[in-house]
Structures are given as structure tokens and as C-alpha cells.
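Presented as C-alpha cells, the chain that follows is alone, the form predicted alone.
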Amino acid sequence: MDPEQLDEFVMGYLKKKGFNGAAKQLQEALHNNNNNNGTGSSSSFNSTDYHNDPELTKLIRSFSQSENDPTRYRNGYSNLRSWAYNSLDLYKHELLRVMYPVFIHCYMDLVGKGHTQEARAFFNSFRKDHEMIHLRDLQKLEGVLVPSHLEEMEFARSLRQSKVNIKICQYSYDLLLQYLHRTESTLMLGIINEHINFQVYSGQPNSSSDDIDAVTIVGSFQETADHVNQKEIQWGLLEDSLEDRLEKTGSLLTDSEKGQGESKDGDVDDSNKKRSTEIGKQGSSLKKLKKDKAGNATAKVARQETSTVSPAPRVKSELALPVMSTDVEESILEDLRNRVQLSSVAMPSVSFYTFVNTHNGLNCASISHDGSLVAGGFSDSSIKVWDMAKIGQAGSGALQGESDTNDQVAGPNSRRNYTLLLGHSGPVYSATFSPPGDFVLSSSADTTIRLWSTQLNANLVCYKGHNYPVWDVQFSPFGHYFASCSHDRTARIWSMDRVQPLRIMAGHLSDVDCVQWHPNCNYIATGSSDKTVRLWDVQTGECVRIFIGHRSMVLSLAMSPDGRYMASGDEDGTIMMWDLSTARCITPLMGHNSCVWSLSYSGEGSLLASGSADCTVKLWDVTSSTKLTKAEEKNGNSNRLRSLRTFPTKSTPVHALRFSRRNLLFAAGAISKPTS
């Protein structure tokens, strides 16, 4: 076929398909080219009968049939998949990263062209390859059945409008291009070119688990996140806070004075000495023993590590904070003065509260700031609160259950060793104590939040506002205000004296699963099933940060005491540490192999504790995780495992964690029967 005939066919194809603008531009270009060459054959296009030319019609029909053939997607993907799985092990894991985005876009293209049955067959044939990592995404895509769903469903629309960033070494990239060109896989090449951005680096490929950022989503959502993350935030501590006063007065006790003060670790405040329990005494004796063993060298290392951290800036509160009573203030100051300085060589003591006989009914657990009260939320809509002082006086020595008889019912001649709070009409998903421990908040599947008094053992207020189950609720660090999050994709700010929310934070694309306050009370963070974490301004209700990097739903959050860093844990067991000022992930902490349900920073912020469904508590060295050498910064290698210690339980998933003000670590969970 000579060039002029080929040009005529292309022109005819464009006009047949209705691309009149492109046809006009092509004709003008050819006309100019012919004029430059001194020929006058440009009129040949006008003399051609595009609709009656049999050879042209045959060529156009063959193009149209091949474009609309749904088997091209199955054959192209299947061949690419076989080639990737048969590649050398050194490059296989990098080449397999391409398969998931190609898979979902093949499926959505088939749906978009109306091939519903072929799309379902394609989806069911290859979904097992991706279920381990992308199960929730696949469950959402399963609902995309007709072309209109691609526009109506937010998840599908965001996938179509976004691109995937994939890190790949130069040799893997060359192998992929050679395969696509050698096999003339134009369809797969088109999908990859349209929906994937390759970040090619030189050298050998990284191992499959080394790089948490190997696959990331970019596009319109990433552009939105970049725009949001340019906003200025004030991450420092409040002016005239109790910690600020201690620093200014320099009234921190010496190590010897701390050792004497730790014998009073069970005394939460002077007005309630009856709550000094055997647990507190045991914890204090353990801490004294560890301190004696560590000696002066440990104290020096701890002081060196804490002294290298620059002090947090001071900011003003945007909320009208409640006035703290003198007794509570003195109690907190006393705890802060006697705080044990932790570090990588000075580990905390751990007190674990185990629920027994729960019959898989425990949904959540919460521990008060001093560890004297423990609450559990159950599937039967009840909340139970245990006072550790009473259990200690009963001689049990540790919380082994709700102890003597059964978790649900006490014997006719026995007294319950817990307080039963009834009021919800659905499973209780979250419970949290106020900082002084005089109130408990609970959230439930009945869409309500309830405020309870631990002194009156009664329900005080029922807050209604969410439209669907409320997954989490958290008191602010100063009490009075609290935040909640729900299946309705919103988070809300409340105050105890108002039954309607003060602010509604909307923006997540799926359930908001967890919420956490910033230490200065000016921001809240929310984690969602859309795999993102957002930071919200409490005063304006505006989103000021979007953190992108998790590969599964975010289930837990924690803020560092100075307010500079945030940790988030997800369903896969990955923990990510974020710098709030830059919205960048400092380092991923990988070690858990199941959901991370709880996170907590130590009082001075040097350690991070994580509790997981894999029945372990892990301690992470935050100080070293946030410090990178110049060589590591240059190479971009921030993936450094900093697990210091793992505390395995017998068979108890960890529901809750909390560092007390004196840096004793409390944990709680329900023992489960090991699978035989």
C-alpha cells in the first residue's frame, strides 16, 4: 500500500468515526506538505467516496471489530500475567505490581463498553490473584455492573481519573517494554500508558517488602491532597499548659527523688487514695527494680535522647477550654514530676488486663489515664466498668475476668465486681474515659453517643446526630469536648453541654473508622476505610492535611506528646509515622501480621506502643525512627525497622493501650480460644 493510499484510508477512517476536527487538521497538513513538494494531488481526498469504497469499508470494519472484541482483554491480560509469573524471581515482584492496575482497568473498560457478562467472567477468573492485598477494593468493584456505575460510584470514578505510581528498576522496566513491543500487545500497552506512571531507578530491584511507597495512587485526588497539604498548621503545645509550667519552673525531680516518688505510683491523686491498688504497687516495684538494674548509665542515655529533641513551639487554643479543678491539676503535676524517662534502653513496665468468659462479645476496651478503671463495650449493647482498687482488695491480684462466675451473670449470693451500664440498643463499638476518669463516653450501632458518670453509675446525656453506626469516640485531652466518627463518612465535634454537634467534618470517601485529638486541641485526625488519614481544623471544620500511603483501612491513630508526629495503624498490620508539618511519612513500622487496633506514645514521646489482633504488644523506638543519617536521606532509604521489644500474650488480641502519665503501659484484651 503506497503512502497516498494509506493517507486516504486514515482520512476515511477519521470521517467514518466522526472525528471531523482531526480529519480537517490532517487534510490541512497534507495540503501544506503537497504545496511544499510542488504537487497538486491534495484534492484526491475530496474525490474519494468514503462510504462506498469497498476496500476502505472493509479496513474500517476490521478495525471496529477488533476494538469491540471483549476477548482481547482476557487474552492480553492472561498472556501478560503468564509472562510476569514466569519471569526471574529477581524481577518478578516488581513486574507483578503492574498486574493489579491493569486488571481493574480491563474490567472497568469491559463494563464501560457494555460487555457485562464478559466483564464478570474476566473479574471472577483473575480476582484471586489480588484478594490478599486488595480484597476490600475488589468487593467495591464487584458492584460496578453497568456503564452508569462508573460515573455514579465515587470509588470507580476516582480510579478512572487517577494514575498509579509504580517504582521499578531500569531492567524490569526494559523487560516489560520489550515484552509489550515483541508481542504487539497494543491494548495492554495502551492501558499501562494511560493509567500507570513508572518511577524508574537504577541498580538492583528492592525486595518485595522493602518499599512501602512502591505503589501509590496519583491523579486528581493526589493533586487535591498536595493543595490541601500546603496549608499552614500550628502543631505545637498550648501556652501555659501544665508541661509548659514544669519546664519554666524547672521543678522536675531528680532521679533519686523519682525513685522515691515511684513508690506512690498507685496513688492517682490525694483526694482518692483508696484507688491505690495491688496492680499499682506491683507496677511501681517492677519499675524500681528495673531502674536499679539500669543504673546511672540508663538515666544518662535517656537524658541525652530527650535533650536532642527541639522543644515544641507554643500556640494558643482556638477552643474555650474548661477550667481544671485544683485537685486534678495537682494530681497531674505530681504524676508529671514523677514520670519515668523511657528510652531504647529503659523499657516501661506493662500491666495487662485480660477479659475472660466474654464469649467473643467484647468489641472495645478502654483504660483510664491512671489505669484505675477499665471499661468494656459488648455486642449485647452493655458497657461494664471495673474498678481496679476493688478487684485488688478482693485478692485476685490481677484482672482475670470478671472473675469468679461468669462475665454476664453473677451468682445469687455474690456481688458483681463491675458496674453494668445499660442504655444502648445496639452493639457498643467504642468507649473512652475523660482525663480525670469521672465520665465515660460510649458509641454504638444505634447511631448514638452516650455520656455516663462513673460516680453516679448512670447515663447523663444521649447525643444524636450521626445517621449510621458510630465507630469511635474520643475525649479531648482537656475533657468537655469530644469527637466521634461514623459509617456515614463524617467526623463530628461535640461538647458535653450541647446535644447537637458543633462541627461536622466531611470529605472521606468511605467509613471513618477512628478519630484522635491533637494535644493542643486545635485539630483532630481521622482514619478511614478509604486508606487515608485526614487532619481537620476544629475551629473551621476544614481539612488541612491528607496523608496518603496506607494500603488498607486505617484502624488506629496516636499523636506524639509534642504534637509534631502522628502514628497510624492499618488492617494489614502496618504502622506509619507522619510529620504533620509536611504530611510526609517518616518511616513505616512493619512487624505485626494482623490488624493494629491500638497505638499509644509514651509521656516524653520516645517510645510508641502498638497492640494488634496478632496477640502481641510491640514497642518501637520513635527517636531513632525520626532521625536519618545524611546518606540515608540522600538515598531515600527511610524504611528502618525499629522494633525494640515484642510482648506476646497467650491468646489475647490487644484491644486497648495507654501509657499513664508516669509512663506505666496498660493494655487490655479478651482471651480467645486458640484454634485447634
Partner chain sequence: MSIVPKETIEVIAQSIGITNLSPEAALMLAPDVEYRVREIMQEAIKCMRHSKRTTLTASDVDGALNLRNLEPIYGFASGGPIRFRKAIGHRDLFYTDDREVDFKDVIEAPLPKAPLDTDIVCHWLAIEGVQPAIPENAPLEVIRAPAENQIYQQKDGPLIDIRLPVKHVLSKELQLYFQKIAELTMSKSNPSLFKEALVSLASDSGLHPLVPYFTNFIADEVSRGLNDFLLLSNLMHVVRSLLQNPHIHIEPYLHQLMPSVVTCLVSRKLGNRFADNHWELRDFTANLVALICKRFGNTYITLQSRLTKTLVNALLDPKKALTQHYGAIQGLAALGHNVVRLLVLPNLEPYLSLLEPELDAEKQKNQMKSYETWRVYGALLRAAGLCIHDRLKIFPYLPSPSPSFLNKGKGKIINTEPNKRKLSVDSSSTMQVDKPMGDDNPPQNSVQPSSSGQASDGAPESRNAKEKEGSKGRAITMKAILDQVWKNDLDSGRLLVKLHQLYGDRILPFIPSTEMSLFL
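Residue numbers count along the first chain shown, from 1. Owing to the predicted nature of the structure, the values given are computational and were not obtained by experimental measurement. Under this definition, the rigid core comprises the largest set of C-alpha atoms superposing within 1.5 Å between the forms.
Keep in mind that the form predicted in complex with the partner chain is not shown, yet the notes after this line are about it.
Although the partner is absent from this view, Ala84 stays clear of the partner chain in the predicted complex, with no non-hydrogen atom inside 4.5 angstroms. Although the partner is absent here, Lys384 lies within 4.5 Å of the partner chain in the predicted complex, judged by heavy atoms. Among heavy atoms of Ala613, some come within 4.5 Å of the partner chain in the predicted complex. Although the partner is absent here, Lys316 lies well away from the partner chain in the predicted complex, with no heavy atom inside 4.5 Å.
Screening His480, His149, Lys390, Arg503 for any heavy atom within 4.5 Å of the partner chain in the predicted complex leaves a single hit, His149. Among Ser349, Ser331, Thr454, Thr432, the residue placing a heavy atom within 4.5 Å of the partner chain in the predicted complex is Ser349. When contacts are defined as a non-hydrogen atom within 4.5 Å, none of Gly190, Asn197 and Lys531 contacts the partner chain in the predicted complex. Of the stretches 225-233, 76-84, 506-514, 456-464, only 506-514 has residues with a heavy atom within 4.5 Å of the partner chain in the predicted complex.
Residues of 70-108 placing a heavy atom within 4.5 Å of the partner chain in the predicted complex: none. Core-superposed comparison between this form and the one not shown: the CA of Ala119 exceeds or equals a 2 Å shift. When two forms of a protein are overlaid on their rigid core, residues whose CA moves 2 Å or more are considered shifted, and Leu138 is one of them between this form and the one not shown. One change in the predicted complex concerns Thr587 and Leu135, whose Cα atoms lie at least 3 Å closer than in this form.
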